[in-house]
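Single chain ahead, by itself, as structure tokens, in the form predicted alone.
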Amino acid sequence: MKRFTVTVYRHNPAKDQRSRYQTYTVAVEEGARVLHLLHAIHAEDPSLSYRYCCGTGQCGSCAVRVNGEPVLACMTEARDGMVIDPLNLPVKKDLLVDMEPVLGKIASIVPKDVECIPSRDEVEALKPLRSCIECLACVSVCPAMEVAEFAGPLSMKQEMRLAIDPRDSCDRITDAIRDGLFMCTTCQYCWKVCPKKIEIPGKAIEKLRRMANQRGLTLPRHAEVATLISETGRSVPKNQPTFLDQVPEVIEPAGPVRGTVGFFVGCMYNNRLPQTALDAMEVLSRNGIRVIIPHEQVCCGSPLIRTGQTDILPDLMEKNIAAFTCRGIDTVVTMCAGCGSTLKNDYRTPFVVKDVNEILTEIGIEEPARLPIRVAYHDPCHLLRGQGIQKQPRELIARVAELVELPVKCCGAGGGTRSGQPEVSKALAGKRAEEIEKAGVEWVISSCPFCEFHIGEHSKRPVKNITTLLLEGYRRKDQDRGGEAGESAAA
């Protein structure tokens, strides 16, 4: 037996004016799960309410939050010091949440009048969506559901399941659009917390959007973006000298060459925020990295994948892969979270793709000067969840400034939401701005052009890229050295 001290959320809305946390110390067997902890606590305090059934990870009823993340209590190992909360849903009592409003809206199959047996291919297509246990972990973390009448990831998963089931008689595409199909920001939080790892954004939402596109139901603004990419190779219009206009094909480092990489700039940094990309080049050069920049590279296709418009995607992929392989490049660096996630997860490349934060932490950068400022870091969804990059940006930021953590939340810029559903996007950005103000920081730091641009529009604080922050540190270091040299000369 082993003793654990854990903190548990307590609240009875029928009696309590406010919630509270209660700490318990109980003994359970080594290797016990959170559910066993709750059973042990309940034996001492029968007033604690929670839900469970099978105890084997198959029913989904015991979902709770542990240290802020949704999990199944029966499948999560108990750890000393845990904080156990209910899912982020209306609380009935303690860890017991009201599931009925969500479960009651899930669509059911409406059989056709004639018998229809799914083919082998149709059965295989249904399999990734059938393992859902309706635990509501995905619903509890969905940012769009907080600000809009979006039915949520669980409903979208079910709409997709029925849309490809030949036995169903309803029009599930128009149903999905009615229920907010284009409100999803594809932040990927839903499938990252799913106990069954159902990739709802990719396996359901993006496929539903593709089916909608095939029927001419794509949102007008999304269609405009697709046309722009088809005509110009870029998802945003050119309104100033671009990054590619301003750089040679090869940028040599300032000192000895420590490595060579190709650079994929992306549409936003190329057309909308070229100075940020130039800052990144200066940081890479200062740290001994030779950068090769193919000028024929085009949009990675992420905006098309997220909005279901994939007709020209193969052509974009072929052009981009060829642009780097014909130069013998074996490592391609991105600084756009969306581009990096797309190249890593949607492409099949003969080269390795790394985010700029990865390459800078791997090579070991020159130490910058510290700046006397407090900054907050915003995790881009397609960097944190799309690429699993969390520690590296924080390590780099901490070298330059005091880092203040923000709650990890989507800013609302992704998945075509900013262009197609601007009211949803704006509402999420407003929530992010509130958290930034509470943090009391001078700057916000991120590593995604959409996040930087979007948050910058809705926040009172300057938003800068990590490489720009590093460059500020290097420039301060050079200024300090220059001042010291001047003092020595005067002496």
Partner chain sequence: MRADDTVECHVLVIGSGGAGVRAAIEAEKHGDTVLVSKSLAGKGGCTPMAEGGYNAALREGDSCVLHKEDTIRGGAYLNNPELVDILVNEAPERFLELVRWGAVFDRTEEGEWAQRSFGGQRIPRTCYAGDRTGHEMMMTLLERLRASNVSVLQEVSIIDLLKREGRVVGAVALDRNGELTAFQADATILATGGAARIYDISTNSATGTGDGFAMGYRAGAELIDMEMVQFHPTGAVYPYDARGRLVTEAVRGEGGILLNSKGERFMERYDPERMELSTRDVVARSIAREIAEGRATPHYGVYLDVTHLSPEKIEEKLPMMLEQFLAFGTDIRKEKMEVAPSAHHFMGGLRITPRCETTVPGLYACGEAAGGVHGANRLGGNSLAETQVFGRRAGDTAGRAPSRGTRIDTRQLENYRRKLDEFHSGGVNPVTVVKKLQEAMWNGAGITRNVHDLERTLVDVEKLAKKKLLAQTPMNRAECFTVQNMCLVASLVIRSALLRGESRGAHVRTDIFQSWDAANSPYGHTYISIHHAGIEERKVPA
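Residue numbers count along the first chain shown, from 1. Just so it is clear, the structure is predicted and the values come from calculations on it, not from any experiment.
Separately, the form predicted together with its partner chain exists; it is not shown, and the next lines address it.
**Q** Tell me which of 43-51, 439-447, 420-428, 458-466 has residues with heavy atoms within 4.5 angstroms of its partner chain in the predicted complex?
**A** Contact-bearing stretch, as computed: 43-51.
**Q** What is the one choice in Leu406, Ala322, Leu103, Leu217 with a heavy atom within 4.5 Å of its partner chain in the predicted complex?
**A** Of the candidates Leu406, Ala322, Leu103, Leu217, Leu103 is the one lying within 4.5 Å of its partner chain in the predicted complex.
**Q** Can you pick out, from Glu206, Asp279, Glu134, Glu358, the residue that has a heavy atom within 4.5 Å of its partner chain in the predicted complex?
**A** Among Glu206, Asp279, Glu134, Glu358, a heavy atom within 4.5 Å of its partner chain in the predicted complex occurs only for Glu134.
**Q** Test of understanding: in the predicted complex, would Arg178 fall inside 4.5 Å of its partner chain by heavy atoms?
**A** Flag for Arg178 set to no.
**Q** In the predicted complex, is there a heavy atom of its partner chain that lies within 4.5 Å of any heavy atom of Arg120, even though the partner is absent here?
**A** Within the cut-off, so yes.
**Q** Would you please decide whether Asp85 lies within 4.5 angstroms of its partner chain in the predicted complex, comparing each non-hydrogen atom pair?
**A** Close contact is absent here: in the predicted complex, Asp85 is far from its partner chain, nothing within 4.5 Å, heavy atoms only.
**Q** Please tell me whether any heavy atom belonging to Leu162 falls inside 4.5 Å of a heavy atom of its partner chain, as the geometry stands in the predicted complex.
**A** Yes, Leu162 is a contact residue.
**Q** Using a 4.5 Å cut-off on heavy atoms, which residues of 75-105 contact its partner chain in the predicted complex?
**A** If the 4.5 Å heavy-atom criterion is applied to its partner chain in the predicted complex, 75-105 yields Met75, Lys92, Lys93, Leu96, Met99, Glu100, Leu103.
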